[in-house]
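Let us start with two forms of the same protein chain, each given on its own as structure tokens and named structure 1 and structure 2.
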Structure 1
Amino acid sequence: MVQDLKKIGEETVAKAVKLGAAEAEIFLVSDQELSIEVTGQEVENMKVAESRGLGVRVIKDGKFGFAYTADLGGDALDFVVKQALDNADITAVDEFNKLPQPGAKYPQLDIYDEAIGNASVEQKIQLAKDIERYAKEYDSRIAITERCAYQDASYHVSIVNSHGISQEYRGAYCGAYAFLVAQEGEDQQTGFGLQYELKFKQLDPKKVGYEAAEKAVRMLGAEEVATQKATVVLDPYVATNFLGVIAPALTAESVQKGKSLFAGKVGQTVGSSSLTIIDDGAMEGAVVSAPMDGEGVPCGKTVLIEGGQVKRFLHNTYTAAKEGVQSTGNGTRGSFKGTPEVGTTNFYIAPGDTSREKLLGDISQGLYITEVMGMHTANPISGDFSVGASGLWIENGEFVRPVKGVAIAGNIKDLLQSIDCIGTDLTFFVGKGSPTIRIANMTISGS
């Protein structure tokens, strides 16, 4: 199938050029996904999905056209090429419509593990069951299993364009997660565990089950605290929630549209001197890594904020052409049905040099936030946010009791500038990662 996809791409590009395209690109993908959900040691849901198709981008007289099809037969390919060219006829001329040139070196990545596909469905079901078993083993107060699940996906990507790019790669990943409820009397608290890897053998059902159970149990008996100013610590998962707001603001697409809180800030300080934010599409061992982006541009490491200072933004070919720079390899595509946008890959806050234990040990009083609610309401343009929060109260460097029903609010830039310590424990949650982050002083709104 690998050779078939690439050959189809090359033949379809040739058709597009013959029919009048000045530039043409074919993006082909074939993928398979499996998900298994277990509750009460019984399979609740199992889904297998496969898709295969291609997207055609053409540029004709400075105009851009796009079309896609899931039918890779000859007649369908002729039709989709003509459709893309027809679509180009009704769009406006844009001098920045370009396709990338070949020549750059592609990173060599180990992102395809045959063991994922070779493992039997029975093995994968057992892995999901083991997660649930370990969670209940951890503590008898684990009362409800909302979901214990296994997931995997394998994919095949081929990109061919009329400038000479003709590249392909295979990739796969697997993952497991659990959502649980702990109960003590009338009190119920939830917890989750999550692990996604490139290698099947790296999945650890005990780790996932124990993590979910621990998070649920430790919140039993949670109470509010009084409104006050105190040190706030962001668990790595919570920090990646904030990264989800920051991510679009660091794309050139948002900057060029005037929709970024970092617009016009290159060279300016927007955060603590300990803060460095990186996007690395070729990061070794990371789930979202790939040798190239959705346009065939090599992926690589881009430092966006360094020492608190904005250095640059993420680009695809179009946004790079508008600024006369090179694409950073961040032309991302959700499927063959869409055109490349600008998006993150492995997007993370670089680890600091303080252990999590030391970071917490220095706190006389504060809140370790383990969950935030309402992050979708944060404004990526202004940076303003107001979210509900829960977590663990800290006294003299120790967790002393669980806390619920509080809120934190502010502005992302103020939050970044208030960071006074970053841990060494960089943890990824699929495509976003962060260490533990300590905020020197923040208002906690409680009872």
Structure 2
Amino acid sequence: MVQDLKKIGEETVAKAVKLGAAEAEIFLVSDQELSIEVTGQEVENMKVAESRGLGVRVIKDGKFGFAYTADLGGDALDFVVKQALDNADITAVDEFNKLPQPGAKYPQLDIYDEAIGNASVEQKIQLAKDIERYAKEYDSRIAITERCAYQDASYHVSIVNSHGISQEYRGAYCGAYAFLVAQEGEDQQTGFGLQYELKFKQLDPKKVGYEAAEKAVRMLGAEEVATQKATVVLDPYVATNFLGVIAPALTAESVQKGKSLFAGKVGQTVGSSSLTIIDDGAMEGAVVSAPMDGEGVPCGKTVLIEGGQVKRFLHNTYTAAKEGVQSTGNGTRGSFKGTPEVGTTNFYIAPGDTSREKLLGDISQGLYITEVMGMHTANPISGDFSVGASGLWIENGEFVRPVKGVAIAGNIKDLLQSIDCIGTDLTFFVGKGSPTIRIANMTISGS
């Protein structure tokens, strides 16, 4: 079946060229997924899924056309190719429309762990149950399980284009997570823990369960604080939420369209001298790593901001052609239904040199933020953000009480400049990673 897919790709590319495409590309994916959700030591939901499909990109008269199909039968392939060619009639001519050339060297990555597929469903159910058991063991106030889950996926990708690229690879990942509620009297607070890995044996249900339980329990009794300016610390998860807002601004696509905060700032200082931001699609052991991007260009490491200075932006083949540079291997696709847009892979803030303990220990008064709400409303173009926040109040380097119902606001540009310390504890949450980050002075909106 795997062999079939690449063959379907090669045949469909030939079909597109025969029907008038100057260049053609087929992106095929076949995947299998399993998810198991446990509540009260019973399986509440189990999902098994299989899907496959392909996306066709053609260039005709300098214009791009795209269409996709989940039906790989004979007629459907003819139809999807014609549809892509028809769509190319409508889009604009652009001299930089092109597909990548073959001959590139791909990184060798260990991203397919057979143990994931070999482990039995019973073993995976047990893992999800263990997370819940550990969470309850951690503290008797863990009253409700929203869900404790195990999840895995394996996939096979083929990329074929009319210049001669004909590649395929397979990968797999697995994950465990917990969303829990701690209760004391009328007060209920939530906490979560999660872990995604390339290797089955790396999953640690105890760690996930304890983490979720600790986060929920420590928020019990949370109250508002008065509106004030204070030191703010972002825990690694919250920091990766902010990274998500910065990501689009570091793509060449946003820069070329005048939608980036960092446009025209290469070589300039935009953040604290301790700030380094990297994207690395070929990072050892990282969940989003792959030998190539969605266009068949090798993945690799790109330093975007170094010591607070903008170094370069992420590219796909199109944005790179426009500037006469090489693609950075960041033509990412969400699925076979999407075109390769400039996107991040394993995207992270490099660790600093201060331990988390020292970073917190130096604070006389401040807020350690563990959760933000409404981050998707932050504006990646203007950089403005205003989000709800909760966390722990710090006095003289110690957590003294939980805080909820406050908001923090500002502009990403100012936030990057006000970073005054970066921890050593780089932690990944699927495709984004960050250490603990300390911000010198921020408004906390409260009562």
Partner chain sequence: MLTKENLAEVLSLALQNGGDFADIYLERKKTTIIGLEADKIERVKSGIDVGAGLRVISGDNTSYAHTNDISIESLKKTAQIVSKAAAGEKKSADTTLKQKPANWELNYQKRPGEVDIKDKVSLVEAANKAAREADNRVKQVAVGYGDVEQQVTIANSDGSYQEDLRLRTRIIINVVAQDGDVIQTGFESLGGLQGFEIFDDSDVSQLAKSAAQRAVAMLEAKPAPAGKMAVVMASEAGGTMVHEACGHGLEADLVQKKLSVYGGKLGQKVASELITVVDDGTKDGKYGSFRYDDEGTPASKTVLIEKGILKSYMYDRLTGRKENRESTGNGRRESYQDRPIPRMTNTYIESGTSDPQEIIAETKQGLLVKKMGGGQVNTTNGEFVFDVAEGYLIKDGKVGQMVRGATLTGNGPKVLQIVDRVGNDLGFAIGTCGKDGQGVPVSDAQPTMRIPEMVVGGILEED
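FYI, numbering is relative to structure 1, first residue = 1. Just so we're on the same page, rigid core means the largest C-alpha set that superposes within 1.5 Å between forms. Everything numeric here is computed off the predicted structure, so don't read it as measured data.
The first of the two standalone chains is derived from the form predicted on its own.
A displacement of less than 2 angstroms separates the C-alpha positions of A286 between the two structures, with the rigid core held in common. With the core held fixed, the Cα of T91 is displaced between the two structures by 2 Å or more.
Taking the rigid core as fixed, one finds a CA shift for I437 smaller than 2 Å between the two structures. Here the two forms are laid over each other by their core, and the C-alpha of A22 is off by 2.7 Å between the two structures.
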